[in-house]
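Before any questions on how it binds or moves, here is one chain, the form predicted on its own, in structure tokens.
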Amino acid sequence: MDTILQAFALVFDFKVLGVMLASALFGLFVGSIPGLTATMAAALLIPFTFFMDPVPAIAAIVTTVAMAIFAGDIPGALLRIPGTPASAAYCDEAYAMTRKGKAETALGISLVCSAIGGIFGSLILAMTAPALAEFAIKFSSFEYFWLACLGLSCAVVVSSGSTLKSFVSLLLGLFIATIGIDITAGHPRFTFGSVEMMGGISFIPAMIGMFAISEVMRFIASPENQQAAPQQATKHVFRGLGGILSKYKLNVARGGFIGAVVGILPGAGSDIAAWIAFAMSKRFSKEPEKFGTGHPEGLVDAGTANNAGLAGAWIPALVFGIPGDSITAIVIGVLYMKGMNPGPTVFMNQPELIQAVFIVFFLANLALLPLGFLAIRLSRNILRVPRHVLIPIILMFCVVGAFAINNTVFGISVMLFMGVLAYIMESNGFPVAPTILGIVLGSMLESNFMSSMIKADGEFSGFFSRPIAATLGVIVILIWVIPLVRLIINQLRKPRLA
């Protein structure tokens, strides 16, 4: 009880609440601008978190992202341009409602379902993370090695697009993670005599580049992102919502559950949760023929799922140090910077900070209702902000964030290089998330592999010598083998079909 009271005292501080309010407005603004994403909003916050204590720093990111994910629905419903990728799944459906004169209903469903989904995901986070942490305290290097393999494998399997391209993207991330001094033997690797590169590639400048700079490049290169402001009325967004939510209450529960579960999978995140929830909604709907004509059912499922996925992604990040999505990859960097090293020990050593994170999640999602309503009312003005004003401000935040990590120009160089690399990758269908996971988990994978090999005297059987490690190892190997077996079976069947 003392821990919870301490956590409440940490959160309900004027400074923290002020940071949350400012972050909420920032998140709503960024999310409402087509082409800018919630991940970019989190990346742009990094330079500000340098000057904050752990709780306001985490509160800023949680609040910004929760707001930005919802705000992405506003241009999706009014202009048919999703503000963030998490809104893309149901953008057409929401816009179809707008064309039928139901923009207020579409935005109201998105707002209320986002808040419900966020609170549902927060409940799952608060209930499961401490229990998992107690279990994870028994883990050794063998279990962490397999967990890192599981995270990397899931990132490839669940990533959108080609599995082969996701695998290539992952290998690129693992290669970048090897740059610097060998953690076991102490030899420099791929440093080319550069003193800065001996310290490795810091993943915060890399993430700012891959998420923010690449999006700025896409934003500039896509003229369709600059659209006329909408003319739809947005005053009565809550009218008639009671009946809709009552009719689709099971969809709300299903969307929240899917969002939380998919969010836990490393590399999945809110985007994939929304797509899966929308597909499930159509598959099990009693009126599937209405989908695509402005039917609210899919919005209820997917709108709930994408915000529930946010909290779900924090479970592996806090308990194991494995990011559930690109946003929690940034969060892990901030946690290390603030001395809250992710893993089961943070639940024992700093329980008040963990409880404060849970409270922040609930508070941010409750604040979504009034602030989201305000954003809907102001949407016409937000969508009128000219691009030539926005881009220089974003670039300035990126440069400051990359420079402030080590106070060197090398961080800016890393940011720019990774930004161009990410832009080229995504332009050619290579997802960026597996690369980020490779950079974040590469050192964890290598250090736990080397520690395990030393403990096992070089015997690979040591990786299956403990029950939990053996179970995780079998799961990982099945994830690797099953797609290959399916591929071979399909290849063998082809001549017969021909």
Partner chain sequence: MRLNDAVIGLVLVIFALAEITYSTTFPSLHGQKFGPSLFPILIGCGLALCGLILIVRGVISRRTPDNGDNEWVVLGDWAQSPTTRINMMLVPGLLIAYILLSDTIGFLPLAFLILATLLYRLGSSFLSAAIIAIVTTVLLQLLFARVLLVPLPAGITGNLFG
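If you're wondering where the values come from, they're calculated on a predicted model, not measured in any experiment. Residue numbers count along the first chain shown, from 1.
The next section is about a form of this same protein that is not shown, the form predicted together with the partner chain.
Looking at 370 to 378, 293 to 301, 350 to 358, 177 to 185, the stretch with residues near the partner chain in the predicted complex, meaning non-hydrogen atoms within 4.5 angstroms, turns out to be 177 to 185.
Phe219 is the sole member of Phe257, Phe362, Phe219, Trp275 with a non-hydrogen atom within 4.5 Å of the partner chain in the predicted complex. The contact residue chosen from Leu245, Ala136, Leu123, Val400 relative to the partner chain in the predicted complex is Val400, the criterion being a non-hydrogen atom within 4.5 angstroms. Against the partner chain in the predicted complex, the set Lys165, Phe192 and Met396 is in full contact: each member has a heavy atom within 4.5 Å. Proximity of Met210 to the partner chain in the predicted complex falls outside the 4.5 Å heavy atom cutoff. Though the partner is left out of this view, Ala470 does not reach within 4.5 Å of the partner chain in the predicted complex, counting heavy atoms only. None of the heavy atoms of Ser140 is located within 4.5 Å of the partner chain in the predicted complex. Although the partner is absent here, Pro392 lies within 4.5 Å of the partner chain in the predicted complex, judged by heavy atoms. Residues of 406 to 432 lying near the partner chain in the predicted complex, listed in sequence order, are Asn407, Val409, Ile412, Ser413, Met415, Leu416, Tyr423, Ile424, Ser427, Asn428, Phe430, the criterion being any heavy atom within 4.5 Å.
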